[in-house]
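For reference, the chain that follows is the form predicted alone, supplied as structure tokens.
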């Protein structure tokens, strides 16, 4: 399983021109094997730019991205293999679609990996099951599908490559609540049961708090925090200073704590809140 180390990562858009803009500044961190990582930050904080460095879609202006002990840019001819190992679903995944049929779109990655035809077919159907995509859609044009179905096809195309690291940039945007929960549950299973690393970029703090082992917090291209959800979301003043809010239930419990100091406020879910309130009442 893959381990990613980021060393002194800096990235400047349009470097050397009057429009030059520093998007990332001297970032150092390590993403362990088999972790579920959340990435948060307000719009323009550098989340997507950071993620695109992890599978070599962008080359650092300075610094290194090290995958399993090797700088991914040491051998540019091997970049293709990096992208098989580190798969990315973009913020608008439907823009990744281009083939004549849904089947061909999902099969594109496995085909480029040189897999035999029967193995490609297995991976296509496995990816459809993963994303809960109806098999009847496989021989339709992806451009005939609804917005939500297009997103599922794009996600399935990355899942079909079975990457060791899976990066998703706001993958549930536009999903109904049931589809969103199904996808997040499947991503958690991909990480937990199959030993993969999942990196989720999201503005939904409840989702990030529920599923992440650790959270990367970015602001103006700088690494602000990298810690557990409980520790990150306990820093209310810091989060608010960079335009972020904790999960709703966390905010409610922190407000209650002002009235009842003995009440725990390190709460990230409704279930935790119910348990904390129940214990508080019992002990009064």
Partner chain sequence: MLNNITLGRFFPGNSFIHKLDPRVKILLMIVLLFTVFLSANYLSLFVNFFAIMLFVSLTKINLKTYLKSMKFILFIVLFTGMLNIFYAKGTAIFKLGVFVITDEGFNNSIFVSMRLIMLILVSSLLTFTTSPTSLTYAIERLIRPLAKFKIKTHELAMMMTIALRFIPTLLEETDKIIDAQKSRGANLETGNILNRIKSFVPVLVPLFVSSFRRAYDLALAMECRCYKGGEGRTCMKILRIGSNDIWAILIVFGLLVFVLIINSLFPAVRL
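For clarity, every value in this text was computed on a predicted model and none was experimentally measured. Numbering follows the first chain given and starts at 1. Each form is matched to the other, and the largest set of C-alpha atoms that superpose within 1.5 Å is called the rigid core.
One more form of this protein, predicted together with its partner chain, exists but is not displayed; see below.
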property	result
In the predicted complex, the one of 211, 191, 130, 90 near its partner chain [non-hydrogen atom within 4.5 angstroms]	90
Contact label in the predicted complex: residue 66 to its partner chain, heavy atom within 4.5 Å	no
Partner contact for residue 97 in the predicted complex: its partner chain, 4.5 angstroms, heavy atom	yes
Partner proximity in the predicted complex: residue 53 to its partner chain, non-hydrogen atom cutoff 4.5 Å	no
is_contact(residue 161, its partner chain) in the predicted complex, heavy atom dist at most 4.5 Å	yes
Interface stretch in the predicted complex with its partner chain - options 192-200, 132-140, 117-125, 100-108, non-hydrogen atom within 4.5 Å	100-108
Triplet 7, 60 and 186 all within 4.5 Å of its partner chain in the predicted complex via a heavy atom	no
Exceeds or equals 2 Å, Cα of residue 73 between the shown form and the other one, core fit	no
Yes/no, residue 143 Cα shift of 2 Å or more between the shown form and the other one with rigid core fixed	yes
